[in-house]
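Next up, structure tokens for two forms of one chain, structure 1 and then structure 2.
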Structure 1
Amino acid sequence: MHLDDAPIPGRFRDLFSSEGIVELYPPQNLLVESGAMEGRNTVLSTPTASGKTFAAELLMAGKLSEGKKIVYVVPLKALAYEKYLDFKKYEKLGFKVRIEIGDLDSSRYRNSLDFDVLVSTAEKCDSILRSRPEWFENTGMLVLDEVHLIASDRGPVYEILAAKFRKLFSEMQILALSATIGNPEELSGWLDAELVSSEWRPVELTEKVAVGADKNRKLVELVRDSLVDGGQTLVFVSSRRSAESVAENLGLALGLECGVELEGLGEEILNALTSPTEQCRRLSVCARNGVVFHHAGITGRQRTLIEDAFREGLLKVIAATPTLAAGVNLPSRTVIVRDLTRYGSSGSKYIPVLEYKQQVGRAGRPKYDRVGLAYSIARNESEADFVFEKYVKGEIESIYSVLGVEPVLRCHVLASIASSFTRTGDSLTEFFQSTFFGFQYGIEGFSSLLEKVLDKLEFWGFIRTGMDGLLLPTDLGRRISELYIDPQTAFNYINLMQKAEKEDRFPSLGLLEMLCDSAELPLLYVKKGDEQTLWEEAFQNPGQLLRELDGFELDYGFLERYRTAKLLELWVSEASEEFIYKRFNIPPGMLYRKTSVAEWLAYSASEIARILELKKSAGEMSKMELRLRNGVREELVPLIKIKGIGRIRARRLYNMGYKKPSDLREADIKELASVVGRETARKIKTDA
């Protein structure tokens, strides 16, 4: 279908035409010809890179022209930012486009969220819905991008969002965008939606299995061939360590020409941190060779530099872990899946077909390539036959809800009651019946689990049963729901903070170990051989912790919490990223994610302490929040509050005798400028 024939308002057609869009892709045609244009709920299930986002925009145009709002939900922050930049074009037509991906305490908003198009992560959207549901009034369409991830750990939030929006705004349209899955009919049945599916791709995909007894030698051969005539290649491996070694080996083996631009890129990557780590140096060298690695351990700045350079054709090869396949749009002519197995808690297992298809779906650059090539590597012909049957010809798995487990339910049951979304046991059951879990499995057996969760929430003091069986939140329970943390986490914190308040004792490591006693913070793994050393270290310094080491408070997770707390303690003791990397093998990207979650948990603990009038605990956790955010010792907290002063400047100023804001107000501008520069010195004196 030609764009001029599409039933969309003229000014949107002009906007799309200005971007070079002339013809609709077949899946977009199918959507236009379906009931979606008349407001029918729709599931669009098509392969990667088949134009799902623009298909959504065709529907968005109609809703925006009617004066309705659009809520566009994605699973990842990076993907949210990509969509936000895509949709900024609507500001030319006078629409307000906003992105919300940060702070999960949406009760802190002071002004209304004014938007026409809102791009948000699922968790942030749910957070706003808990505290400010009225902001979503007049929403005409909810877009659930990457909805096949409903079977992942992020899936329950997608379910809850869809169920809540459908109940609150019955006239609103839902568009669910999904990669190809095994049971799209079931997904569309749950949403009372029309299913629009297609196997069409803009660039034809050819999947092959290459045979090589030495996988890495075969990999070099395939990559070298793939780069002919300006090709680019993504290589998927199973682990962070593999991504790094593959990138380094390919960089040396390929001998790509290193120009000024790659030198500049390498320098930017190296200086993404004030004090570069060994990983930064390795990544910088790789970039200069035109081949880089991409995994959860690199920083956000490094990730952006790499992805932009790859899109511009400057970088030729990226060796990545599977997280890249579920992230931003980064196509290449060739995709090579070196590793089809991954180690987990139960040993090595083959990856799902769905994951494989997500990876190979990156092959073929629209506007550049006529065909996309995808290779898997097998060691022999027998293994090649197996891989071909299982992955190339294999059926993609069905997806199933993971909502029906107690840790997940706790959070959403409390939120449902705290926001007055459900007021009785029956209405609570009815609501969870409307989820994908309820649709797939029914409510039988689910009711007893809900009752168990309700009993715990009431025992913990987060809800109470009123007259006529009404379920009512306590002030504490309502605040915990707004903070978006697991009620079990809150209960754990309350016990330890009450103990600390009673004993008037707040050791840093003890507070950090308390923060680690949560479902939200991923803990460090403890090897069997390290257990004895950690136990001895903990028992030699019992006063550094809040909990008793010889009592019932210890549990099987203590050593993981203790080791993770030791990592965080190094950070708030001003250890460098390089030192932490060498000590714990935790690269900067992963370190920042852990400290960011811990910072949020410290804020949550301080808010809980305030409600319970645990004043010292509230103050100590507020200080810990600042220390985790900035990576500083306690004495730098007064300085770190001043805009323009980070951990390094704060330490330098403190060592020069500037220990509090009043010292800076009275400081000699020239002396300050010697540390931070004249312009920053002026700003610091003003802010102080």
Structure 2
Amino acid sequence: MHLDDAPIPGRFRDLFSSEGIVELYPPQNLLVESGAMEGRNTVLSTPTASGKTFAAELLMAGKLSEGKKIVYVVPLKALAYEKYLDFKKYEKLGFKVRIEIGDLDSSRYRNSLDFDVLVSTAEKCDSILRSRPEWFENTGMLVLDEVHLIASDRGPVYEILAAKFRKLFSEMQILALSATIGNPEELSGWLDAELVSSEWRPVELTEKVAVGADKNRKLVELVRDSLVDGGQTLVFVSSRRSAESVAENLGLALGLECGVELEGLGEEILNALTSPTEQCRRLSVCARNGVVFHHAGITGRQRTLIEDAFREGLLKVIAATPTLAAGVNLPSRTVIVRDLTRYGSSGSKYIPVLEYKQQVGRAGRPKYDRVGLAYSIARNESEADFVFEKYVKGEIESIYSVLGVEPVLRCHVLASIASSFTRTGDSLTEFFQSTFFGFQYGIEGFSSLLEKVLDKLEFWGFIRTGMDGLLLPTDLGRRISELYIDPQTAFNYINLMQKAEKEDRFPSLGLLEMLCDSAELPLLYVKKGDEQTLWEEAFQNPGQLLRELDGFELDYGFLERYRTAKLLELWVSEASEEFIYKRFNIPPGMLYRKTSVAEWLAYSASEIARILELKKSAGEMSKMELRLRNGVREELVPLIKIKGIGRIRARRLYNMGYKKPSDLREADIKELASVVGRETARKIKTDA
């Protein structure tokens, strides 16, 4: 169908046409000819790169012109950002486009959220829905992108979100998108949706299995061939370490020419942090060779630099972990999947076909290339046959709900009681019946687990049963739900904070170890050989901890918490970042992620303490929140609260004798300016 004939309002047609769209793709035709146009819920199951986003936009256009809002949910922040930039074009037509991916504490949502199109991660959207459902009034459509992720550990929030929206706003249309679901019929059944599916892909994707006894040598050969005529290549590997070594090896082996632009990129990557780390240096050298690595350990700034340089064609090759595989558009004519196995807790295992298809799906994107080529590598012919059958020809797995386990349930049960979404046991059961879990498994066998969760929440003091049998949240329970933390985490914190208050002891390491006692904060691993020493160290200094250790049994969970707490403690003792990376053998991105989660947990702990009137704990955790955010010792807390003063400046000012805001108020402006510059010095004096 030509764009001119598409059943959408004229001004949208002009907008799309100015973006270069002429014809609808066949799956888009199918969608506009389906019941979706009349508002039916729809599952769009079509290949990677087949234009599912624009298909959604064809429906969005209709809703927007009726004055309805759109909520577009994605799994990852990076993808949210790509969609947000794409949808900003609607501002030209006077629509408000917003992105929400940050802070999850819904009590901080004071002002209203004014949007026509909202792009959000599932967690953030759920968090808003918990306390401000009215913000979603007049929403005409909910888009669930990459919906196959329902089967991943972050999946339950997707199905909860869909179930809640359906219950609260029965008029809202749901559109679920995915290239990789084995059982789209089942998903459609759950959503009471029409299934629109197609095998059509705008750019033909050829999938091959290359054979080479030495995989890395074969990889070099394949990459070299792929670069002919300006082609660009993405190599997927299973671990961060592999991404780095593959990038370095390819850089050396390919010997690409390094021009001034790559020099510049290398320089920018190196200076992404104030003091570059070993990893920054390696990444910078890689960039100069035209081949970089991309994984969760690089900083956000480096990530943007790399993705932009690859889009511009400056970088030719990226070796990435699969985090880069979801939904993004990159100009990679060729994708090479080097690792079809991944190392997990139960040894090395083949990755699901679904993940393979997502990875190869990054090749041949219509915006950039006219053909797409994907390779995996087998060591010999018989392995090649196996790989071809399993992955190239293989069927994509069905997805199954993972909602029905206690840790997941307790969060969502509390949330739904806390936001008065369900008030009785029956309505709670009915609600879970309406999830994908309920649809797939039924909830007959599920009631005892639900009972157990309710009992626990009541025992912990987060919910209570009213006189007429109604399920009611306590103030504490409501706050925990708003904070978006696991009730178990809250319970762990309450126990230790009560102990601290009673003993009137608040050792930093002990508070940090407490923060680590949560599913939210991923802990550092402890090597076998280090266990005993670490245990002895902890055991010999009981005063530094809040909890008492049982000396007879080596507690592995504790050791991981202890080691992670020690890392956080170095950070809040002003150790240099470089020192921390080396000492714990971690990349910069990981330090940042840990400190920012810990900061959120410290804030949550202080809020919980406040409600329970544990006054000292509340104050201590509040201070710890600031220290974690800024990486400073306690004595700098008063200074760090002032705008324009960070970790380094606060330390210098403190050492010069300015210890509190009032000292700064009276300070000599010239002396201040020598540390922070004139402009800031003036501002600081007023703020202080």
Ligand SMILES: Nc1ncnc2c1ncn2[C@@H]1O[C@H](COP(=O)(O)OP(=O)(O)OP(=O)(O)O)[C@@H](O)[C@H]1O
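Keep in mind that this is a model prediction, so the values were computed, not measured. If you superpose the two forms and keep the largest set of C-alpha atoms that fall within 1.5 Å, you have the rigid core. FYI, numbering is relative to structure 1, first residue = 1.
Please match the form predicted alone to structure 1 or structure 2.
If we ask which form is the one predicted alone, the answer is structure 1.
State yes or no: after fitting on the rigid core, is the Cα displacement of residue 625 between structure 1 and structure 2 at least 2 Å?
No; that C-alpha moves by less than 2 Å between structure 1 and structure 2.
Would you say whether residue 664 is displaced between structure 1 and structure 2, judging by a C-alpha shift of 2 Å or more on the superposed rigid core?
Comparing forms between structure 1 and structure 2, the residue 664 CA shifts at least 2 Å.
Superpose the two forms on their rigid core, then report whether the C-alpha of residue 17 is displaced by 2 angstroms or more between structure 1 and structure 2.
No, the C-alpha moves less than 2 Å.
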